Every structure is written in structure tokens, then in C-alpha cells.
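Single chain ahead, written as C-alpha cells, the form predicted alone.
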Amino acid sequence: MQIEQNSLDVFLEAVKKLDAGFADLPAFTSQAPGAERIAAALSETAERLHDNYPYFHPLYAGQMLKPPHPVARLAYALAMWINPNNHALDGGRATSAMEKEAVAEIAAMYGWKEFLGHLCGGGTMANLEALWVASQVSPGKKILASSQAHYTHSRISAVLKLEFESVPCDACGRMDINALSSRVARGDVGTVVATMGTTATGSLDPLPEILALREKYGFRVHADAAYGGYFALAENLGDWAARAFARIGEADSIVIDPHKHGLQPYGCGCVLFRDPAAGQFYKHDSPYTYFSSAELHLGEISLECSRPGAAAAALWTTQRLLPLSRGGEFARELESGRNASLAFFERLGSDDRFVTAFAPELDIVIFAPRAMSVSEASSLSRKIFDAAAKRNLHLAVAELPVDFWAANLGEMQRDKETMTCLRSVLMKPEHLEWVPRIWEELSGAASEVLASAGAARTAR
């Protein structure tokens, strides 16, 4: 059995308990189709879903796809029997309270007690809200992010009609602090985005130095921790990462995605503002949603209107089971993923067939096959990607600056400024024990591809 099914009996008991809470209502007959028709439709859906990579399996080590925790799946499904809407209390009293509690627990990771925050559809929407508030605080000023920041920042800036500029990165994929210092000295920058875990490499921008520049030049700092935010709980980070996460609570706003390392289904993002006064920018009138209660409605501090209360129920339940505490079970799983990435990186570094870049700061590893030239390495990367997939090992490919490998290229001809490389995201708790098997399949795929390339070179 590959897909976990043991929790379904527990789920049925929870459905019965939910049903018992409404026992005083008059009986009615549901208009839903009969069981046979539902079964037929679900069977067809199951067939269609086979056309996916096995994202839930440890041999899937490609993109940032971490399966939801079983309790998150079950809590989400349980809430769907009611389908609450967390826009206004009329639509989701219980799940609105759960959202506030769960978001407060996330904010507490960064030492925040007084703040403004809520869930949203994902990191894109969360970053949009953060940059929108930033534009209200510093109207007409520019947004800066690193060249390795998520492309959503430039797109969002365009949507909001804000001027955006990209800041170069250093050889470790981090924002170049000297370039940033020269740029903010002009005085026209309103917000600097510090990426706490870039999508491509998991690199962390130099947050302490960015905060020092803020003190001098007065811009806002937005921490895009959509990927890396939960690593604030990890105790096995390197000095650079630990130093950066120790200061994240000093940012003006933070974005984190529970649907990445937080074990949640898509979409579940979270935006936090250190100053609760940011709520003034959301103020609006609604003639039909805010009059059932004098309490704060989540719709009054969010740009989104209808939002799934089921997402809040899933997050709240998961955090009840796995509290967000250093040294706890949840934190240990993050540490396991980081240990897996370090173990994998060590194997790659000791094998002459591969060229590695910098050591992973979180749980993402980038590497490429060693070749005569960057162009040839790029071509071989794609071939190894395909060969590994045939062995059920699923990696990812990325196009990244050659500078990331500069220290380790050796005699490889640098005939391109970017290299197509292989990328592994080892974010599942099972990945650590699966590193030997992942290495076995990668090694086999690489041997096959490199032998073929060598034969072809000899034949020429």
C-alpha cells in the first residue's frame, strides 16, 4: 500500500461526531446523487490522477511538493461537510477563530505577540498584500528584490503599478549587500524584499546587513519566507542561516507558506505585519457581510473575500498535533530534511562525475554532471533527469548562473553564463533514510548517460 489509508476509519468517527453536533435540526434528505454514481465518478477521477509524478513518495525529490500531513487532509475534508467561508463570521465562526489562533502560533515563531495577519491563497497573494501595504506606507517608492527572488515580486509590482528593480546576487545565490548598499543610498527605495529561502537554491539573503541598512536609509524590510520560514525552528542550521533567522522578527512584514513545509494542502499562505496599524489600509464598507457581530471579521484585514475555512481547520488541527516549538516533532522533521540534503551533498562532492555549487543552507541541493563545457553539462543534466525518471527517481532541472559553480568548475569550458543543472528538494521526513536509495538510482542514471556520451565522443 503506497497511499496512506489507515486514517480513514478515524475520519469516519470524526464525521459522526461532527454530525452529532447538529442532531437537533429537523431531518432532511440530501439531493446529492446516489452512491453508485458518486463511486463511478470517483473511480474515473482516480484513473485520471495516475497521470502525475508520485509527489508523496521519497523517490520524488524534485520540486517543492510535500504531501499534506494525514491530519491536515482529514481536517480539511471534515470541514468540507460544512464548507465554511472565512471572509465573514456569518460564513465561518468556528474556522475564523481557528485561523486567528493558528496564525498567532505562526507569528509567535518570530516573537510577535501584537501583529496583524491572516491566511490567504498562497505565497503569491500573501506577497501581493505585503507589497500593497508597503506601497501605502511609502507611496511612489521602489521595490527591490534579489535576482534570485521569486518572480512573483516583479509581477506583483507590475500589477500594483510599482517600480521594481532587481539586485544582483553573489556566488551563493544571496543578495549582494554591496550592490544593495549602493542602490538604497539614492533614497528612492521604499521596500527591500529579503528572501528567506530562494526557490531555486534555498539561499538566504543577508538579513542582518539589510536591517542595518534600513536603520540608515529608512526603507521597509519584507521577509519573503514562503519557503524557508519554518526553519526558524530548526537547530541544525549553519551559522549564516541561524544568524539570519535570529533577526527575522525585526522585518516589517513576513510571508510564510504553510502549504510548503507546514504540511498543508494547497492553497494556504500567510501574511504577517509587525505593526497592527497596517489594518487601516484594508478599511472598507460592506453592506451585507459585517453586521452579525461586532467582532473583527477576517475579511476586514484581507484583500481576498471568500476564503476556505477548511484551510484554517486543517492548519489549526495540524498545529494541535505538531506544535510549532523548537526541539519538537515538527522541528525535528525540518532538521531531518536538512540532514538529508547535507548527506546527499556530501556524496555528490566526493564523486568526480558531478560538480557541486555551494553547500545547502536549507534542504535544496543543486548539482550538474562534470563535462568538457558548460553547454555539454547542461545537455547531460537533461539526459540524466530523463534517465533517473525511468528508474522512478524524479529530480528537477533549473537554469542558474555559472557563477554558482565557479569555484568548482576546474577545466570545464565556460561557454555559457548559465548552466542547466539538476536540483533536489529533500523536504520529506522520509528523505533522510532514503538518501542511499536516491544516490543509487542517480548514480546508475549518471553512469548510463555518461557512458553513452563518452562512446559518442570517441566515435567522433
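Counting begins at 1, following the sequence as shown. Computed from a predicted structure; not experimentally measured.
Heads up, the form predicted in complex with a small molecule isn't pictured, but that's what we're talking about next.
- Residue-level contacts in the predicted complex: of Ala396, Met412, Met64, Leu400, one residue has a heavy atom within 4.5 Å of the small molecule, and it is Met64.
- Of the residues Asp257, Glu333, Glu99, Glu361, just one reaches the small molecule in the predicted complex with a heavy atom at 4.5 Å or closer; this is Asp257.
- Considering the small molecule in the predicted complex, the lone stretch of 240 to 248, 119 to 127, 162 to 170, 179 to 187 in range is 119 to 127 [heavy atom distance within 4.5 Å].
- Not one of Arg220, Ser253 and Phe273 comes within 4.5 Å of the small molecule in the predicted complex, counting any heavy atom.
- Under a 4.5 angstroms non-hydrogen atom cutoff, the small molecule in the predicted complex lacks Arg338 among its neighbouring residues.
- Although the partner is absent here, Asp205 is not a contact residue: none of its heavy atoms lies within 4.5 angstroms of the small molecule in the predicted complex.
- Not displayed here, the small molecule is approached by His150 to within 4.5 Å at the level of heavy atoms in the predicted complex.
- None of the heavy atoms of Trp316 is located within 4.5 Å of the small molecule in the predicted complex.
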